[in-house]
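Have a look below at one chain only, the form predicted on its own, in structure tokens format.
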Amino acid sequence: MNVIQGSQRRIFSGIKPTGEPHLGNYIGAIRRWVDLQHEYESFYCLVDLHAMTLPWDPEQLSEETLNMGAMLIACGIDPDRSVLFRQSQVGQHAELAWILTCIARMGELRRMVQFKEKSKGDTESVRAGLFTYPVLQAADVLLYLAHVVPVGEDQRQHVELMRDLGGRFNKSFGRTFVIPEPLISSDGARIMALDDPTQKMSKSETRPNASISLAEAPESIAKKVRSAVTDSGREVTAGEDKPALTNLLTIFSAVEGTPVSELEATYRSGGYAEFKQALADALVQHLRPIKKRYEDLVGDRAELERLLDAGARRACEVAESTMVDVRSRVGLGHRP
């Protein structure tokens, strides 16, 4: 079995590069990754192969993948501390995905909630990649013998699948993979759309006022916050009956580091306009250095490519070490 060097536990997570990264991505995932890289040996992947489960434009996919890499670094992912790389540059992901596909079962893939939602019941004409991508997702994690996977609650089922596949492989061919645990945080994990607090803020959403991009101009941020949906009444307070204000207070708390209860005490009686102005100011101040660093990185494509290529080389070294073991166990020959 592959032995992980050193005593530090390993973490893996990936982000789809399509669409503009927004405040929900940052609060719910990216900022956690920045913190976790100091606790774990961290592998962070731009999952461009996953982006191909839906129709794609080649040039746009390439551009968005580089841009997402730049944004992760701008948010605080340190390429010297973490392994940040493009999935497609590490061929072992696809190789292991095929081997795991051969031990996966149709029934367990049909039960994936996200497949049911995205196929909308039209399972005959949907692309096969949308059906099998949870196996690739399992390969992504198992390949690096990761101990934990930071995910939202909506991804728990996918982690269970990768645990099942890793355990099934170990039982059939000998102990090879670490069986990963989900690392799920409820703190700010679900940031909702500004124009509809019943829907999660999403990169795929086309409504212009639904989300705030991490590279958004300050005046645009202020305008979107001013137009954000609020609840009935005038008091700025959180609660089940005030989903819109709860969402705005959650965002404010996340960027300021101030508990929601303190924000309620400060802005409770001041009215929505004062609260929204303070929130807009806090967001602009918090996102300004991220935006500046991002613009510097995308303006130096050669340096950005160098950083991601270096990450891919480090990832390949670990991935190939795993695959040497896997190939031997399943009866495949070694690479010449």
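From 1 onward, residues are counted along the sequence shown. Worth saying up front: this structure is predicted, and the values here are computed from it rather than measured.
Same protein, other form: the form predicted in complex with a small molecule, not shown, and the subject of what follows.
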(message) Checking a candidate spot here: are P218, A280 and L287 all in contact with the small molecule in the predicted complex (at least one heavy atom each within 4.5 Å)?
(response) no
(message) Counting any heavy atom within 4.5 Å as contact, can you tell me which stretch out of 130 to 138, 252 to 260, 222 to 230, 101 to 109 lines the small molecule in the predicted complex?
(response) 130 to 138
(message) By the heavy atom within 4.5 Å rule, which residue out of K16, R314, R327, R10 makes contact with the small molecule in the predicted complex?
(response) K16
(request) Check each of R175, R81, R190, R168 and return the one that places a heavy atom within 4.5 angstroms of the small molecule in the predicted complex. (result) R190
(message) Can you work out whether V47 and the small molecule are in contact in the predicted complex, taking contact to mean some heavy atom pair no more than 4.5 Å apart?
(response) yes
(message) If we define contact as a non-hydrogen atom of the residue within 4.5 angstroms of the partner, is I73 a contact of the small molecule in the predicted complex?
(response) no
(message) If we define contact as a non-hydrogen atom of the residue within 4.5 angstroms of the partner, is L66 a contact of the small molecule in the predicted complex?
(response) no
(message) Just checking whether V149 would be counted as a contact of the small molecule in the predicted complex - the rule being heavy atoms within 4.5 angstroms.
(response) yes
